[in-house]
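Next up: just one chain, as structure tokens, the form predicted alone.
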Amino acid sequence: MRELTVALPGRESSYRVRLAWGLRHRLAAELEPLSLPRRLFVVTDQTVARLHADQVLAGLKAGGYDPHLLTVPPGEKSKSWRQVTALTRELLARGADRTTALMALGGGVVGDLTGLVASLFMRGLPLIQVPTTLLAMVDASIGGKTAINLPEAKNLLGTFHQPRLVAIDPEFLQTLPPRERRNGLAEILKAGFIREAELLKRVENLGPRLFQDRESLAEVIFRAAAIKAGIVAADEREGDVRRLLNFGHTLGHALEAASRYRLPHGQAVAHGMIAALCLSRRLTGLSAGACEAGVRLIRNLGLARRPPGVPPEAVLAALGHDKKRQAGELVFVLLRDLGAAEIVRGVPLELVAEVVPR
């Protein structure tokens, strides 16, 4: 068992991130120290429900809990106000109240959506994150950000609502399609680019063997999660240092919105990271060798090998709605070196236009 604590101001806000193979079978024991109500609702998408819901619900029932399953359609389109309303009304219809807890069983979409509902329903319900994708394990389940999308931009409506526990079971990845594994690799690389060059080297050395070596996979997931947890603990509500987690995401989110969310998140962020590496050469002194090594690593892992197929003018228009803008200025996370990031405000739009993937 690997464990870390997201140490936030005030003991009640802090929570554990626990990682172990087979942890989904022992969720009831993980919940016991939290003194949660026995009745809880497990929110998942239809794909994850078919693969894993029976096992998860059976384990919770065996541990004395009364779990109820709620499902949503898979995919980014479920991050909508319509789906928030539908879940809220279903909770009401099935007798949920202030003593109810919600468990998000799924990837980033399910985690963001369930987190937002948990933060809003009767002014806040306890939330448990059980991520089933690599992306959610290393990033989306940790930090308390919740959100839904609007047509203009990604994650424009949201709240901060920290979970009470994040329970990571790498066994879920055995049923994860290769495309979704690559999505998660993008977030692992992001963590390495901003804070830990050694993590980049480890992933590069493992290459395709990463998903065949249980111990190495668990350690890589844990290292990336620890980087995210450390940054969140230093800046819970993205006042300053937490913005480093947006490396590759400023342009990545614009690509997603411009594609109407047809472009997978990991591929969009990979293109965004390549653009940020190129901007770093121009603006923050990243060496040519480091830039080339970063781009090569991204592409060798099967990310951003093809153009995203999104009109550049649509991407630049989507940047105008980006919530990371400050006083009308574009804000990018750029690198001085691999593993050393900084926040750069006022990046000229004409420079960004030069690095938008075509």
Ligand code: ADP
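None of the values given here were measured: they were computed from a predicted structure. The term rigid core refers to the most C-alpha atoms you can superpose between the two forms while keeping them within 1.5 Å. In this text, residue numbers run from 1 along the sequence as written.
What follows is about the form predicted in complex with this ligand, which we do not show.
*Asks:* Using a 4.5 angstroms cut-off on non-hydrogen atoms, would P264 count as touching this ligand in the model of the complex?
*Replies:* Flag for P264 set to no.
*Asks:* With the cut-off set at 4.5 Å between non-hydrogen atoms, does E180 touch this ligand in the model of the complex?
*Replies:* Output for E180 is yes: heavy atoms within 4.5 Å of this ligand.
*Asks:* Can you tell me whether L200 touches this ligand? I mean in the model of the complex, with a 4.5 angstroms heavy atom cut-off.
*Replies:* No, L200 sits far enough from this ligand in the model of the complex that none of its heavy atoms falls within 4.5 Å.
*Asks:* At 4.5 Å between heavy atoms, is V42 in contact with this ligand in the model of the complex?
*Replies:* Result no; V42 lies far from this ligand in the model of the complex.
*Asks:* Kindly indicate whether S13, S35 and P126 are, all three, within 4.5 angstroms of this ligand in the model of the complex, using heavy atoms.
*Replies:* Per the other structure, none of S13, S35 and P126 touch this ligand.
*Asks:* 42 to 50, 22 to 30, 298 to 306, 60 to 68: which one contacts this ligand in the model of the complex at 4.5 Å, heavy atom to heavy atom?
*Replies:* Result of the contact check: 42 to 50.
*Asks:* If the cut-off is 4.5 angstroms on heavy atoms, which of these, I188, A136, V269, A257, is the one near this ligand in the model of the complex?
*Replies:* None of the other options qualify; the answer is A136.
*Asks:* Select from the listed residues T159, T85, T175, N205 the one whose heavy atoms reach within 4.5 Å of this ligand in the model of the complex.
*Replies:* Result of the distance check: T175.
*Asks:* From first to last in sequence, which residues of 239 to 261 have any non-hydrogen atom within 4.5 angstroms of this ligand in the model of the complex?
*Replies:* None of them.
*Asks:* Please say whether, between this form and the one not shown, the C-alpha of D139 moves by 2 Å or more once the core is aligned.
*Replies:* False for D139: its C-alpha shift is below 2 Å.
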